[in-house]
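One chain follows as structure tokens, the form predicted alone.
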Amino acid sequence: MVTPRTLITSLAATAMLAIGLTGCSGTAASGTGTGASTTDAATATSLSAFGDLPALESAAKAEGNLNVIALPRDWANYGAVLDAFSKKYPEIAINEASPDGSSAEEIQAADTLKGQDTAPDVFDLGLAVALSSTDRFAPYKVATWSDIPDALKESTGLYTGDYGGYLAVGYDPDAVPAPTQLSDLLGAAYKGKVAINGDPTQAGAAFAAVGMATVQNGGAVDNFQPGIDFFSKLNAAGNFVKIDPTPATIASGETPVVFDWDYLNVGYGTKLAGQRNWKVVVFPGTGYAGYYNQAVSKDAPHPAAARLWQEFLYSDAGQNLWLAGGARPARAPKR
């Protein structure tokens, strides 16, 4: 298994686990429950800066808003995650912008809206964009920081892996033959039928599709040329269709073969049950796995709410919501 950063903790055994994560139940807290804080939230690098969780909660409730961006509700169970946060903190309104935006577009929005109260407070990013955007992030280490593998976190807390999976291929067996290896997709039976999720230069899932083709063709994370060559051949064969896949495009038959994360492909099948058959395959050989990363904007208009959101995502409740969506949470124990 190859990841975009290093060989990381095993993902394979975590998908079906009902995990009881280590550490505290719910969002971890410390201190004696002062319920108030005079901390400058924009400079806080951990929960201890506030004293305890109630103090952070109080500061976030006083702000009253949380701006998120590019979080599709059908992506990795994000709808349930957003609703759970809102239920826990009804005093904080979540403002959801550009749910279908790419990682690169998140950063563009932060630059464009800097200084405005509508700017993103937090980011959810593919690794390539995270690595190139660290000057936009405020370091923050959640209370459960020690539970997160070192390979999944930037050492100062600028960004932290949260949930991940394998890059897989979903397909409609009523429209195409079952592919058993990557090279099958170059065949005539797949003409005009193969899609990837977004632009590889901007979207993490699309970048990972090229990564998967790379390692399947003998390349490596520092040499993506074999993957680029594969997609050039796919395009030359007339098999690549330039449509961003969604449940709607799958249901309509426009994208009967989709490169995407395994948890998203499984989600497509669940959503379209009764409308379309949908199968998911991870090809034998070298696989490509990766995590999406959370980060706090250094220019967050609601810095306390941004940090409370991070604490929720890395709590037991947040991590188990990723698991319920078929993704592999960062804090899942190694097996």
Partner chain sequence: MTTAGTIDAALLSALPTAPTETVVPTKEQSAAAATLLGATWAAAVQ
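Numbering follows the first chain given and starts at 1. Predicted model, so just to flag it, every value in this text is computed and none were measured.
What comes next is about the form predicted in complex with the partner chain, which is not displayed.
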Have a look at 85, 159, 259, 75 for me and say which one sits with a heavy atom within 4.5 Å of the partner chain in the predicted complex.
159
Just to be sure I understand the contacts: of 97, 94, 119, 127, which is the one whose heavy atoms reach within 4.5 angstroms of the partner chain in the predicted complex?
127
Pick from 173-181, 127-135, 186-194, 86-94: which stretch has a heavy atom within 4.5 Å of the partner chain in the predicted complex?
127-135
Non-hydrogen atom contact residue 48 with the partner chain in the predicted complex at 4.5 angstroms
no
Tell me, yes or no, whether residue 225 is in contact with the partner chain in the predicted complex, where a contact means a heavy atom of each within 4.5 Å.
yes
Is residue 309 close enough to touch the partner chain in the predicted complex, meaning at least one heavy atom pair within 4.5 Å?
no
The partner chain contact at residue 166 in the predicted complex, heavy atom, 4.5 Å:
yes
Residues of 296-321 having any heavy atom within 4.5 Å of the partner chain in the predicted complex, listed in sequence order:
316, 319, 320
